[in-house]
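Take a look at this single chain in structure tokens; it is the form predicted alone.
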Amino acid sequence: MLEARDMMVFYENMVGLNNVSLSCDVNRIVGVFGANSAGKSTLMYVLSGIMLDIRKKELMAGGERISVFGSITYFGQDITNLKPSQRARKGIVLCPERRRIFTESSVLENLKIGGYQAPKARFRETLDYVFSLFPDLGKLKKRTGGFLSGGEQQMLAIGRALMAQPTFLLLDEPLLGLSPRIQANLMRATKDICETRGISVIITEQYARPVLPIVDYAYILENGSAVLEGSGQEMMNNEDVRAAYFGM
């Protein structure tokens, strides 16, 4: 289980997260929903450990002062102060917002970079799985990442994260700017990743309609605070959630 307790993040005098707690058990999909600046990416940076690097870089550069409070445990072990690279080796892997693939490298090179620490047998098996999950990528192995469509780049970003052998996959707004058809394909793939690979997924999104049907549990963030939580079905039946996130 991956669990964050009473997380608080301050950017100078601005609140990024305000006493947020979240947990995700094995073989589960957890959704985190909220508008822009609700704290979704901040939460993902905290879970992945990247916030520690951001805070250090800002301190060294004399920039924005970032304060972080709370605790994170992973299968009962306190990982609050573990570096992001150490968390990744334990299986906590972030697929960041806006894809951030290596645009000058090919599809295959991007996937190899993601799997550079994986044993050879696992690398080959995972690569085959990625191409079965996203058949379009298999046809584009040699294409440079910068020449892929937005949907293809997002498939590649998820595939690259899978190559790192995650136990917990953190997907930060994977549907941003994509067509409904691509969104549906990515949600199908996300469900398959959990069901067939046993990989738990925490996914953030602004628009809940494509995501809520596949999540086991969900949290709503507003202004850095968790204002509502419940099962995916409970959220779908909640009139306030439907109005705010389904446009109904």
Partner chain sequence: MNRGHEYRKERLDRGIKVRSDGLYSLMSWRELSYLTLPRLILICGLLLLPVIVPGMYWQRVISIVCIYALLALSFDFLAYHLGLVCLGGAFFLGTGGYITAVLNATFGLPPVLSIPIAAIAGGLICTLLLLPCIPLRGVYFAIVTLMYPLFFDRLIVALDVLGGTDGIMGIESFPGSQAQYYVPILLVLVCLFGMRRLVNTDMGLMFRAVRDNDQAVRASGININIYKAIGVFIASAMGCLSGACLVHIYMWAGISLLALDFSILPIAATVIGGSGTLVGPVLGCFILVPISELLRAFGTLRIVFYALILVAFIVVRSEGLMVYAQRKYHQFERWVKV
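Positions refer to the first chain, counted from 1. Treat the numbers as computed from the prediction; the structure is a model and nothing was measured.
Absent from the display: the form predicted in complex with its partner chain. The rest refers to it.
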Location of its partner chain contact in the predicted bound form, chosen stretch of 205-213, 26-34, 55-63, 185-193 [non-hydrogen atom, 4.5 Å]: 55-63
In the predicted bound form, S67 touching its partner chain (heavy atom, 4.5 Å): yes
Exercise: E12 in contact with its partner chain in the predicted bound form, heavy atom 4.5 Å: yes
Contact of A244 with its partner chain in the predicted bound form (heavy atom, 4.5 Å): no
In the predicted bound form, M8 touching its partner chain (heavy atom, 4.5 Å): yes
